[in-house]
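Next up is one chain by itself, shown in structure tokens, the form predicted on its own.
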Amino acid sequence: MAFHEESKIFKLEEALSYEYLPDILPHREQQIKYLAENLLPASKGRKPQNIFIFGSPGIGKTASAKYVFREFEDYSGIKTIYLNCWDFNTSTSILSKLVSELGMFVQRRGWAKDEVMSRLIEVLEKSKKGLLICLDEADQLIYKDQKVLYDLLRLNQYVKNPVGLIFISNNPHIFSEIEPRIKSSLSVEEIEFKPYTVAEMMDILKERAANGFRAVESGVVALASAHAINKGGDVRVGLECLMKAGRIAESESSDKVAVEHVRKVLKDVVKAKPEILKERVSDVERMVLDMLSKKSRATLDELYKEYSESVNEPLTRRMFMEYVNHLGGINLVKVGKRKLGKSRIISKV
């Protein structure tokens, strides 16, 4: 019979995963409190405030929303549903997933959207519970099929159950060009997440290391934290440093994770590259990446002109610029400080 040998390095390996949700989220207490306060009316049968959470990648936006959802599920009797819009980015897929999560069968294909919407209303009426829906990476939904927002916002007209929406995005301007009828009903309260400082990053990684490892040499967390800050302030970078260092320590039969193990992995733990994330960007962003792959640099005007000539219904120049800025936010392209006339120069990282 095979057995699993206990690791001398890892105490709880999953604690070093970005998906792991700890009991405490250091340095996000204020945002969590504000988010919970705005959603709390749902536990009393009243409509909660819709929320928009934004900020750069890897700074606790998703974790904070999931943390509040966990607390609400455990103590308030509210049903919470988290959806990542990379996986669900059409009206039918969103509505079908909601119906399924609420416990009613829905055929995966062949049903019209109105039929799925009717099922959602029916299952909500039966549940008599408040519902909170988190739409993570919401820009992927809004840019592709924003009509589902209109459907979700109308739910409060059809059922007595309070329904609230939480949107998460790296891009703070995702609502700038939505349809007027949607914008008039949206009414979101914004919560901005600021990047972590070095000290805050160290606190976060120190707690994860304490939960994940049996023994850690002094300096390990400081080095991983400095690397994470240097690579854009993304907690995922720091966690990856710790995880890979732990595996090297384990392969070397060490008694603890040492600074030398972290040093060995630093060159391998870098910011995401375009070829890795290319399938995780919107159509417009993919076009920008494709255009930049053919040239080392270009002005914003040049990119917009090439883009406009390639599509039937181009976005406005302002919205196109937001896409470029968004790419810069996830470290795919860099906006240069130099100017050519009044047009910024864009180059690959």
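If you're wondering where the values come from, they're calculated on a predicted model, not measured in any experiment. Heads up: residue numbers just count along the shown sequence, starting at 1.
Heads up, the form predicted in complex with a small molecule isn't pictured, but that's what we're talking about next.
- The small molecule in the model of the complex is approached by P57, whose closest heavy atom lies within 4.5 angstroms of it.
- Remark: E137 counts among the residues lining the small molecule in the model of the complex, judged by a heavy atom distance of 4.5 Å or less.
- In the model of the complex, the small molecule lies farther than 4.5 Å from every heavy atom of M287.
- Although the partner is absent here, Y18 sits close enough that one of its heavy atoms falls within 4.5 Å of the small molecule in the model of the complex.
- Of the residues M202, L131, I94, L239, just one reaches the small molecule in the model of the complex with a heavy atom at 4.5 Å or closer; this is L239.
- For the options I174, C85, I191, V235, the one in contact with the small molecule in the model of the complex, meaning a heavy atom within 4.5 Å, is V235.
- Here the chain stands by itself, but in the model of the complex one stretch of 155 to 163, 220 to 228, 249 to 257, 203 to 211, 203 to 211, has heavy atoms within 4.5 Å of the small molecule.
- In the model of the complex, no residue of the candidate spot (P41, K47 and K79) has a heavy atom lying within 4.5 Å of the small molecule.
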